[in-house]
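This document opens with one chain alone, in structure tokens, the form predicted on its own.
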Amino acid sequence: MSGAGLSARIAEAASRLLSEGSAEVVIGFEQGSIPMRATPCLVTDPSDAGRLVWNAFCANNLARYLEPGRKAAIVARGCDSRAIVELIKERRLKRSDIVVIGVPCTGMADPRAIARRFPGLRVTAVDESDGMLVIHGGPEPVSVPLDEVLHASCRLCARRNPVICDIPLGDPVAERDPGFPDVEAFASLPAEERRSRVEAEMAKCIRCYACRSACPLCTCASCFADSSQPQWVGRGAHPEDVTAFHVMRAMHLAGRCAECGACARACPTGVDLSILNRRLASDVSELFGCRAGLDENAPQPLAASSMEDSQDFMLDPGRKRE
């Protein structure tokens, strides 16, 4: 189904849910103020449902906008739904308070990748058709397959259809979990090269905390980075403080990260946070045999224990899971 067709069905479902009182708010996307941008949109009046759109630039993880105790409907892809599952498992949200409007997803376009593909092009509009983006702004429109300008997280997506869904819209797309080839490629590099890569990424960070603000699983009322008693990390841009912040945040997300890439997309300087987050997701998958958000009945791997648990990983962290 085309983006326009999905937009119409999303608007129809939103209007009905609000009119029936099944939801106080519908969380979706509306067209942004500039091309290649869609912005989160909270609709509370059925007459405003027509603002809702669905296209290749609906990049934010909308689970970030869910509030405890508020009856909400949310437009959710695979990664959004994975975050919702984690929030429910952590009792941050009640499943009964959420209506999931499920949409299949073939990935979101990365405006930075489009800019690299067509340097100097001032984009005025983008049309979508059959997996192609037709980009206007030059003397003649130019075309590019969506698959060639996807966000990195979309190319490595483990679940393209919603994990949980109440109102399915559109035909499911084929799943194609690629695993962790990026983690394996990075791990194969010499130690000094890995160190240099991490240092180069951390050097880009300006400590704006956009990554924390965009992440649907950064839900602590008080972040360790803001704590003054004790002060866990310094607040400046010293390389050690920057690295400590990102490593500690990644550890906090171990077993919980939905791998949506919202943190990297929100970063104004392009820090590649996947080198930390996906490495930990890979370790959790290998050691505990699970991925965050894929099974709403599975216990949290780092918050559950049993007398039958193997303790070998404490002595041999590199062992393979049997």
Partner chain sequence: MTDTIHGRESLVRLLEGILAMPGVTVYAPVAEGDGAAFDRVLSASEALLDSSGAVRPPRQILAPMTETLLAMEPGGSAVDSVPAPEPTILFGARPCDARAIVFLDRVYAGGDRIDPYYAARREALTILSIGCREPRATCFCTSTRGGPLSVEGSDILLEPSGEGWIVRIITERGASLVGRAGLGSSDGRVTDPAAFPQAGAPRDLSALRGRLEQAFDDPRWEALTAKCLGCGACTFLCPSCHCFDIVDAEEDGRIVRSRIWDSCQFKTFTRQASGHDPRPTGADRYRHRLMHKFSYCLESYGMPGCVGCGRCVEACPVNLDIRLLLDAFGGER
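Here the structure is a predicted model, which means the values were calculated and not measured. Positions refer to the first chain, counted from 1.
The same protein also exists as the form predicted in complex with the partner chain; that form is not shown, yet it is the one meant from here on.
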inquiry  = I'd like to check something about residue 282: if you look in the model of the complex, is any of its heavy atoms closer than or equal to 4.5 Å to a heavy atom of the partner chain?
reply    = no
task = Determine whether any heavy atom of residue 33 comes within 4.5 Å of a heavy atom of the partner chain in the model of the complex, and answer yes or no.
result = yes
ask   = At the 4.5 Å heavy atom threshold, is residue 50 in contact with the partner chain in the model of the complex?
value = no
query = Is residue 288 close enough to the partner chain in the model of the complex to count, meaning some heavy atom within 4.5 Å?
reply = no
message = For a quick test of understanding: in the model of the complex, does each of 159, 186 and 246 have a heavy atom within 4.5 Å of the partner chain?
response = no
note = The stretch from 84 to 92, 213 to 221, 248 to 256, 172 to 180 that lies within 4.5 Å of the partner chain in the model of the complex, judged by heavy atoms, is 213 to 221
292, 276, 266, 66 - the one with a heavy atom within 4.5 Å of the partner chain in the model of the complex = 266
ask   = Listed by sequence position, which residues of 199 to 227 have a non-hydrogen atom within 4.5 angstroms of the partner chain in the model of the complex?
value = 203, 204, 205, 206, 207, 208, 209, 210, 213, 214, 221, 226
